[in-house]
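Just the one chain here, laid out as structure tokens, in the form predicted on its own.
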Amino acid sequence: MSWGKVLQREFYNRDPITVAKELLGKVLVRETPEGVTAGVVVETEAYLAQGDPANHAFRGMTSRNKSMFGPPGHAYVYRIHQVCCLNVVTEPEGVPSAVLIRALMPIEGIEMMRERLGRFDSLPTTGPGKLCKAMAIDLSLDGWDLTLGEQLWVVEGNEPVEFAESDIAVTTRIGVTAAKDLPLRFFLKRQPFVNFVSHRGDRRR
């Protein structure tokens, strides 16, 4: 199945706020020997290279966060609380910024996603941990080049979700203790796949 144009390096080679907003409506595709799963990105969070202590690279490079310093358009996958989270690396090589993909609207391989989660969940991709488990994204994909169009990639989508400027909400990020007042979480309103833990600080894009 053709999923549309694969996003290339130039898309990611920009500031993380711009990339976080423009990832909304794009399609994340994961291909494994078991089959293909895919979903429309409906919720993201930006992590800044400067002035953002919630960024994993705030204190410098480590073995865990080294992918953030790599070329734009690569995956940064990390583990927390026994689950993995998927980020896309942004800005030029050496600038450690990224966008966390928080939620998807499933469009392909939904039953496979549910089986991986071990339950019949009507909302299998709400939250970054469930998203990665449902899509079989683990630490083996840390540093993966998303522009290759294989295994894990992001596309424009042949039938993108239509939304207006007013359909994009902006809030503070979820689950961070540092820089928790920065409005760096973006999501599509009226989407059941968005994690509605807190909308404090909502405003339009």
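Don't overthink the numbering: it's just position in the shown sequence, from 1. Keep in mind that what you see is a predicted model, and the values were worked out from it rather than measured.
Keep in mind the form predicted together with the DNA is missing from the figure; the text below concerns it.
In the predicted bound form, which of the listed residues (Val170, Val155, Val161, Ala54) lies with a heavy atom within 4.5 Å of the DNA?
Exactly one listed residue reaches within 4.5 Å, namely Ala54.
Which residue, Ser140, Thr62, Ser166, Gln50, has a heavy atom that falls within 4.5 Å of the DNA in the predicted bound form?
By the 4.5 Å heavy-atom cutoff, the listed residue in contact is Thr62.
For Val29, is any heavy atom within 4.5 Å of the DNA in the predicted bound form, or not?
No, Val29 is distant from the partner.
Give a yes or no for His74: in the predicted bound form, does one of its heavy atoms lie within 4.5 Å of a heavy atom belonging to the DNA?
Output for His74 is no: heavy atoms all beyond 4.5 Å of the DNA.
My question is simply whether Arg116 lines the interface with the DNA in the predicted bound form - judged by any non-hydrogen atom within 4.5 Å.
Contact with the DNA, no.
Consider Gly149 of the chain shown here, and say whether it contacts the DNA in the predicted bound form, taking contact as heavy atoms within 4.5 Å.
Gly149 lies outside the contact set for the DNA.
Checking a candidate spot here: are Lys21, Ala38 and Met105 all in contact with the DNA in the predicted bound form (at least one heavy atom each within 4.5 Å)?
Looking in the predicted bound form, the three residues Lys21, Ala38 and Met105 all stay beyond 4.5 Å of the DNA (heavy atoms).
Within 83 to 109, which residues come within 4.5 Å of the DNA in the predicted bound form, counting heavy atoms only?
If the 4.5 Å heavy-atom criterion is applied to the DNA in the predicted bound form, 83 to 109 yields Val83, Cys85, Asn87, Leu100, Arg102.
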